[in-house]
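Shown next as structure tokens: one chain only, the form predicted on its own.
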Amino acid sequence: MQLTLDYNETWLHRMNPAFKLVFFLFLFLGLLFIHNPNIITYVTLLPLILVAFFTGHKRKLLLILMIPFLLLFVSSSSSMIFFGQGTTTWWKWGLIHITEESFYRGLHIGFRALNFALLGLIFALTTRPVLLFYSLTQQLKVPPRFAYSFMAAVRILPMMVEEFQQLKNALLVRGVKKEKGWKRITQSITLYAVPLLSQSIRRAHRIAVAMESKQFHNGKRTYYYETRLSKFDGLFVLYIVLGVVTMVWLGLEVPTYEITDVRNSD
């Protein structure tokens, strides 16, 4: 079973995966220190542009993937907007209390969560798992036994999905009837969980024996794929640096909201 998507390779795909991973982690940390809702609103444009034009995937797929992110934005911001605290009341009804302060805090949290989601989507859509693990061993010096173990686990996931589908079809052909109520839970564990778990344990044991025989536990190795830093990594850093500087300037000089710091909005 192959879970692959058709896409056109862009410069984001040619970045070094380990560098991309580390740089994205720094971006995640950087977002935590942005407390100006004007700035974080403008900053959201940076990953949004990359997702829309440089991930190489079809627009229809990207629109489908954006649906849960929009729901994440609404859910994360609405909880603060409806139930946050503040002194300038806009609307109150029962437990719902919308204030000016809670509204801007909610928007800030929503845009922060949206930025996290967009960056994660960029990484997922533009990074091949095989090259990621090769890059981890070559650039970050992760021991091969750990990197290859994770890579094997990723490869096993589609096999488990296919086995589940085969088991489901086999039970359907045999006419196994589903129980009702609490008995259905124990029946599902017996019919699905136990066979899949036992098969996974046998497969994991075979992989461990194969890795041991290939001497994954010691010594230097040669690699079929060699990953290096390239001009595309520098291009991404340049895009982020110039983009952040521009968005910070816009947030300060062309603010969308009156508030400039959600920490001091009481």
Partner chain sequence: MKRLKLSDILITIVIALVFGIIYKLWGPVYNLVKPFGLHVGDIVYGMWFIAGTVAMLILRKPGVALLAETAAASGEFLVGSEYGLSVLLYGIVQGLGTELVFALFRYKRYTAFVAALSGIAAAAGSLIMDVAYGYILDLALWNLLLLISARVLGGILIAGIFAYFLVEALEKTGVTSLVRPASHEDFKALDK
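This is a predicted model, so every value here is computed, not measured. Residue numbers count along the first chain shown, from 1.
One more form of this protein exists, namely the form predicted in complex with its partner chain; it is left out here, but the text below deals with it.
Contact check for H205: a heavy atom falls within 4.5 Å of its partner chain in the predicted complex. Although the partner is absent here, F28 sits close enough that one of its heavy atoms falls within 4.5 Å of its partner chain in the predicted complex. H35 belongs to the set of residues with a heavy atom inside 4.5 Å of its partner chain in the predicted complex. Taking non-hydrogen atoms only, I201 approaches its partner chain to within 4.5 angstroms in the predicted complex. Within 4.5 Å of its partner chain in the predicted complex, a heavy atom is found for every one of L71, A153 and L197. Contact annotation for 95 to 118: residues with any non-hydrogen atom within 4.5 angstroms of its partner chain in the predicted complex are L95, R105, H108, I109, R112, A113, F116, A117, listed in sequence order.
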